[in-house]
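This document opens with one chain alone, in structure tokens, the form predicted alone.
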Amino acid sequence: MIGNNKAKFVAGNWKMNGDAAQLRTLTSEIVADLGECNNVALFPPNTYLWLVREILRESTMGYGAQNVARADNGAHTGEISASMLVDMGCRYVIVGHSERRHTYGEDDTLIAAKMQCAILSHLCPILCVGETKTQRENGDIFEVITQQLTVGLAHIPFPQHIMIAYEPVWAIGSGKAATPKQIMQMHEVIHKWLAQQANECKIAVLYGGSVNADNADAILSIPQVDGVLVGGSSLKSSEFVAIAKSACAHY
């Protein structure tokens, strides 16, 4: 697992929020409490990667981007390549987040290409997988997750520095996380699939979907959960710090 070998990983996805002044304050507050934690990473909007890099310069915390292009250079107006992210000092990149899949129409094949670009540039990609409410109600959960993993990781040689984030689409932004039983069940499925495909190498599987300071401890106490991908609560320094400290208490 990337990060502190003893603590579970915590990623803060800020999505398209904040301005320079707000994010400078937020980053500074987080660093004041967590600056020596290497199991924590921040994911600001691309326009503020420079700001986060500046504040984290003396910290062991990491940072990354929320998305990456499927190609490394060329006529791709508006895109940012994996090599550019590395040049900016990024260690990580989120790939295949449900908002990219369901709002912007990214399919498994496109996501697989992005994964390859990230790996080739030596970034650690966090591949997001998860089912919609309809897919869960129809009993298609395992097929959906297996498909996303199979195609998304089709051309990735193991072992590699990658992480998986299980994010049930119906829980993201809803304020209601999946139940511990649902989380444990899906993480067991993902770990089993990875063990079969990745020759038993350890790949961290994070949980994302309405993680907050109130439920983080219960989620992180699930043995199959290797960390959390935090959305809205990562925009509140006190909440995010509380989640990260909870992660450090779980091994």
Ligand code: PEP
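Note that residue numbering follows the sequence shown and begins at 1. Model, not experiment: these values are computed from the prediction.
What comes next is about the form predicted together with ligand PEP, which does not appear here.
The partner is not drawn, yet in the model of the complex one stretch among 57-65, 204-212, 24-32, 180-188 has residues with heavy atoms inside 4.5 Å of ligand PEP: 204-212. At a distance of at most 4.5 angstroms from ligand PEP in the model of the complex, all three residues N13, E167 and I172 contribute at least one non-hydrogen atom. Heavy atoms of H97 reach within 4.5 Å of ligand PEP in the model of the complex, making it an interface residue. Not displayed here, ligand PEP is approached by G231 to within 4.5 Å at the level of heavy atoms in the model of the complex. Shown here without ligand PEP, the chain has no residue in 21-36 lying with a heavy atom within 4.5 Å of that partner in the model of the complex.
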